[in-house]
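Just so you know, structure 1 and structure 2 below are the same protein chain in two forms, each on its own as structure tokens.
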Structure 1
Amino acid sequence: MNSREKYVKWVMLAPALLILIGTTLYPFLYSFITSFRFWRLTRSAEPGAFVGLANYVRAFGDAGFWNSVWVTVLFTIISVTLSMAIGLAIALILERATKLNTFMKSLLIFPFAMAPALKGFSWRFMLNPDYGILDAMIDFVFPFWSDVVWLGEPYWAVFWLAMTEIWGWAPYIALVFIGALGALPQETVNAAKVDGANTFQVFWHVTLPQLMPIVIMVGLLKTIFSVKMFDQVVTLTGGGPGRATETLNFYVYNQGFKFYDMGYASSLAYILVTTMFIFAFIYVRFLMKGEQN
């Protein structure tokens, strides 16, 4: 490649790079600088003085922040674990190529394609104790739960928030696993069967280890999405009851767009980003490396 070709390459790339810098890098850096400033929109539309690490220090003494961290961790554990487990179970059930399975596989994409905010509205409606269909079904099957107001109890509210996420993600994860299962070499499975392994032993000792790179990749992706949870919090629970479902992302939004404390909101957003970065780093560096070994 001569220097002229190199020059042309950059010219061709420039518009895309400029858009990328303008829409991603600039806000990213601007919010980072803002996180070290006092900026309350109630006082001024312009950022105020630099306050050093004051916004970060405030976060560590803020009970609301720690509550949102705990809620996010709890929600992430429930939603990631169950999404992966149910997704894998669906994949194993629909793995065989039959007409019914092909039809079922095509249906799997629908819950994932649904807008997250709409998921929240729909589930809130379904759980309404006066006319919600899901509430009525649960009351019918489990009469001892008929007095429970699902979104009025803190732990149930977290559970249902996680369920909206699992309902959308498990089918998508199943599709990914179905693809991965189809690509696994059958020789190892057959060899294990010849050696007398039962179905569970084949799955546990042969299929799952070969599937691990996909499990890790999907797990990482799902964890990042769970840590970012926002839409269904707004439409399903509003962060309640009390502060029971206030996730970190929801808390950051409130600080910025509801309370107009832009400096503090930016510092919280950076804590969230840093946490996700560390998490992704550990995942990729250690777990994937372990798999390669």
Structure 2
Amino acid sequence: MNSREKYVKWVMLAPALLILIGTTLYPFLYSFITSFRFWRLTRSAEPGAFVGLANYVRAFGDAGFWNSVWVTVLFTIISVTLSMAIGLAIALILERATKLNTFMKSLLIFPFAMAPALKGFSWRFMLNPDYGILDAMIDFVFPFWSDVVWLGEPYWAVFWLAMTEIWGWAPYIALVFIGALGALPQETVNAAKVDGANTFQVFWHVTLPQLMPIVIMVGLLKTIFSVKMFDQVVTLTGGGPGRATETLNFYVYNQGFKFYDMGYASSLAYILVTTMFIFAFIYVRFLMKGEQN
């Protein structure tokens, strides 16, 4: 019976495994092989000759690639830093259990639940200089910015691209921090208050150090999602103005599906995959370390 049960398990798992192999493993290995070949769809429908590491060498000498790396780094720094800071601030405000806070907590998940592509379209509409409500509000509060075309200025475009991500992630991070704050022992906080510490001192010297494992874990997770961000670039800026918001993921997409350079796009994709693997490895190791402790 034990032997038969083993066979039954594999038979039941077989459809899912076949789908997984067909949709994930096979494309993953095929694109890896393609990254070592010359293949332009404009010249041939079949992969060309093996070129070794030429595609990877080309990447590190490509100004467009380094621009996309810089844009990705800048976007990630802004997105992760502000998402974490705003999320923690929201968590501290809503930590106390009241009816209003409970209602506000229930609303926090909605921005995160919105489709990333829809975020881009929504913010593009709101920042439109002719009829955008957000543009009108900024012009009213800061008249000296009334002539700024937000998505037409390189650094402002990167900032607003990051804001679409912050708008969705900060509330979700706040929920994580609210849960973490509720699990912290209150004895240390009460002891600090008895010793005369003010609110800021309690937060800085007692609460924040105890939250650091969660802060690091959430920061790594947010970094992973920021590095691979793609949807909002397509729907908000299209990589512009110029190449100001052309992230690495979007650059890979352009090389493969705009210029049809599949060999080069595959090599760029694996550079991105390697970067993601490093962050994921650190995240998993940290998570496992936390569980062991």
Partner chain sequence: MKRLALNLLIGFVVVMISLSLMAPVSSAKLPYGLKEGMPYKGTKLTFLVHNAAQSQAQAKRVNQFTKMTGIEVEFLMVPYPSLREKITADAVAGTGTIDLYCFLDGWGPSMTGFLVPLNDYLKRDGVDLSAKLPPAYIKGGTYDGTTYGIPTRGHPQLLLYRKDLFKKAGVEVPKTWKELIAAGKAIKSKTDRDGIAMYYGKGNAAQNLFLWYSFLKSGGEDIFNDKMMPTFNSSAGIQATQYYVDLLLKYQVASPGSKFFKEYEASQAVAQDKAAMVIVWWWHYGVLTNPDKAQEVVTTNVGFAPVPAWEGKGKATLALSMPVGISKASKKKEAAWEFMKWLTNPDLEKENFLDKSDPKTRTIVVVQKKNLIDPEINKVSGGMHKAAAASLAVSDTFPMLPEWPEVASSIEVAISNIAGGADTKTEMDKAAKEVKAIMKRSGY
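In this text, rigid core is short for the largest set of C-alphas that superpose within 1.5 Å between two forms. Along the sequence of structure 1, residues get numbers from 1 upward. From a predicted model like this one, the values you see are computed outputs, not experimental measurements.
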Identify which of the two structures, 1 or 2, is the form predicted on its own.
2
Once the two forms are overlaid on the core, the CA atom of residue 14 shifts between the two structures, in angstrom, by 4.9
Superpose the two forms on the rigid core, then give the C-alpha shift of residue 26 between the two structures in Å.
2.5
